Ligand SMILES: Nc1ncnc2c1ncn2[C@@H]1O[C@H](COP(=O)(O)OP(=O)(O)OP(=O)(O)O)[C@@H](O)[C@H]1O
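What follows is one chain in structure tokens, specifically the form predicted on its own.
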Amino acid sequence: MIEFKNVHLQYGDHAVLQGVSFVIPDAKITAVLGPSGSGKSTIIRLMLGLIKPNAGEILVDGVNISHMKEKDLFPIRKKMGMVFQGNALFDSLTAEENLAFFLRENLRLEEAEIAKRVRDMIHFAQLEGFEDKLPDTLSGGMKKRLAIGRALIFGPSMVLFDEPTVGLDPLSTKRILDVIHDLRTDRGLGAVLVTHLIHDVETVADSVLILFHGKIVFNDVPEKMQECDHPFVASFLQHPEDID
């Protein structure tokens, strides 16, 4: 669904991405792994057209979005649900209102259809009984599930996750990873999982890209990471706690 072709991105003298090329397939979970500052979160912003590359092409379903105008990007973004690291929920809106907000703002839907979609996502996020609660009253895991529900409400074919389990307790982490796994197995959706946590990669990813200094140093199934002889990958596997 998503393809990067020799993508370069530079801020001043700092090269964030240096000739990056890869394909994100449909209905698979692809992890993007790397230390802070490696460019992994930048990749998500490029996929959504929030920033433009200095060179190269970014294709979504065969359409080059590299220099697409903002007004033309909405149909592209509808194909990709975004789950931000900090969830980006509206603090003054209830769980139900958070789910409905973008539907009312962007689609001409009858209220009955909006209500149906919201009910479906409340059920999916296992938030029955919390519809009228504000985000501040929800646990970290509940907030994350609400954010995932909001990302799904447009009916995307790909969901982008930026550090989805950071700061969560082990039980909440397991539930979020189960949700990501179920998106693929039950709904046939693809996912991009940007993370620095190897446990997340080994738990749900079908394939993994490892970024280091703006370049891809590994692109294969997680099981083959142990065979990679790149010094950073070898060091990371031995000391994963040092990657952040």
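Just so it is clear, the structure is predicted and the values come from calculations on it, not from any experiment. The numbering used is simple: start at 1 and walk along the sequence shown.
Omitted from view is the form predicted in complex with the ligand, to which the following refers.
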In the predicted bound form, segment of 181-189, 213-221, 199-207, 37-45 with a heavy atom within 4.5 Å of the ligand
37-45
Would E96 show up as a contact with the ligand in the predicted bound form if we use heavy atoms at 4.5 Å?
no
The ligand contact at I24 in the predicted bound form, heavy atom, 4.5 Å:
no
Answer yes if any heavy atom of Q85 is within 4.5 Å of a heavy atom of the ligand in the predicted bound form; otherwise answer no.
yes
Give a yes/no on whether V20 approaches the ligand to within 4.5 Å in the predicted bound form, heavy atoms considered.
no
Check for me: heavy atom within 4.5 Å of the ligand in the predicted bound form, for each of D120, F124 and L193, yes or no.
no
Using a 4.5 Å heavy atom cutoff, which residues in 1-34 contact the ligand in the predicted bound form? It's fine if the answer is none.
Y11, H14, V16
